[in-house]
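Here's a solo chain for you in structure tokens, the form predicted on its own.
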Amino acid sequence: MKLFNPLTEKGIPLDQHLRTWRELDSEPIDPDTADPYTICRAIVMNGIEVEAVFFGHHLARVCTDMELKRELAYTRYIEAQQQKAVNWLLPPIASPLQTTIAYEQVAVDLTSWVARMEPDPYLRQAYEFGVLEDFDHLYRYANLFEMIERRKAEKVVDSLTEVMPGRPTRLHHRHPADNVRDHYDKDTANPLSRLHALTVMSAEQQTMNFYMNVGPQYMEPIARQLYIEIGMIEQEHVTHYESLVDPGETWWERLVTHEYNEVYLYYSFMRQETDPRVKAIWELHLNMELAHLHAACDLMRRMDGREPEEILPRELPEPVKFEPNKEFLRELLATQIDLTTLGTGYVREAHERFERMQQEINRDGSPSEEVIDMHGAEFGSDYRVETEGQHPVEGLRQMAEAQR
């Protein structure tokens, strides 16, 4: 198979990227018949495009060259059009809570895949740590879903992702100082590590944005409170992942990395997509992003006096895949569920700063615990999807029916 090198592929010329309103109004995915991973891919690319637009605005605010600001504004406008086309794929008949469960499936299976592929041990540990928390969020929202909508999360995740306790959500509330990690070294980091960090950061950022806007739409107190609690943890996760990025990277290095990452992900998802209509959108955006990448590379040469090949891989890495990660997650549950953070590292023993934060934030109780208690009181037990057998942690296994 021919290796795909984005730096030599042409793509669609920049002046041909504008689309009409009807072209941007993508026909929504049918959640009842679609592959759940098709919805996951749309959620990821929405987050990637939102990050591209936000980054573009931040860059514009520090740019003093008016001609350059105009050049950047055009590309940013196209990124915003792409974001609309991608986000409009999400099914309007799905409730916000159903979409939330899909968001958490993204967090679980995307972060698991990144952790498995990450070449740097310190960065890999950061992803392994975070994914056990998103795994627990999926479990909490799934129980809320059955309570409020009388529907089962297995219809959303299609048993591709298990639903059971992870690291308990009430224990995710750490002192903010302990959410900051060491960053990779921009001069020595594997190019794949740059892409991984940007991808997971962007996905978590979009989840944070989604929860802060969706949460207050609910009337049920337990739903409102659960979105507040997990929404605050998503803010912690954005801090966790964004701190992995070397702050010494120039604006133009970052711009090139953003554009290359979009090419990488659209190419990856185009390769894996099972829905021909959605696949055509990934292919179209891939060809647009190739032109964005070339424009960014030219800016890096002009502004930094450097070649983009200094920071980019010559060919795209192995494509990102959405696939079940059940065995991987069960191994993490068995070996890392008791971890917390201290400074930029990880520890198994609770420390004074962590305990103080717990006492303050959870002094009125934890909504994530309350939702499980309420579900158990109504249905006789918590809700789970355990396709591979009992929970690997004995203390987190469901009681036998006779014991409930």
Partner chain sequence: MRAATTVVRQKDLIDVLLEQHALIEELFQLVETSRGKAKKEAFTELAALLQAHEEAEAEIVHPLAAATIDAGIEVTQERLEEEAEAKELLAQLIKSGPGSAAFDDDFQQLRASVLEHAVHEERYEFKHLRASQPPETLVELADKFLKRQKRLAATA
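It should be emphasised that the depicted structure is a prediction, and the values quoted were computed from it without experimental measurement. Positions refer to the first chain, counted from 1.
Not on display, but discussed next: the form predicted in complex with the partner chain.
Full three-residue contact with the partner chain in the predicted bound form, heavy atom 4.5 Å, for A94, Q225 and M374
Spot residues vs the partner chain: full contact, yes.
Hey, of 128-136, 86-94, 292-300, 100-108, which bit sits against the partner chain in the predicted bound form at 4.5 Å between non-hydrogen atoms?
Of the options given, it is 86-94.
So which of D32, E67, E360, E349 gets a non-hydrogen atom within 4.5 Å of the partner chain in the predicted bound form?
Checked against the cut-off, the match is D32.
Heavy atom within 4.5 Å of the partner chain in the predicted bound form: which of E220, E307, D187, E315 fits that? Just give me the one.
Looking at E220, E307, D187, E315 one by one, just E220 meets the 4.5 Å heavy-atom criterion.
Looking at the partner-bound form in the predicted bound form, is R277 within 4.5 Å of the partner chain by any heavy atom?
Contact check for R277: no, nothing within 4.5 Å of the partner chain in the predicted bound form.
Although the partner chain is absent from this view, report whether E378 comes within 4.5 Å of it in the predicted bound form, heavy atoms only.
Output for E378 is yes: heavy atoms within 4.5 Å of the partner chain.
4.5 Å heavy atom contact, R151 to the partner chain in the predicted bound form
So R151 counts as contacting the partner chain.
Look up in the predicted bound form whether M147 has a non-hydrogen atom within 4.5 angstroms of the partner chain, and give yes or no.
Yes, M147 lies within 4.5 Å of the partner chain in the predicted bound form.
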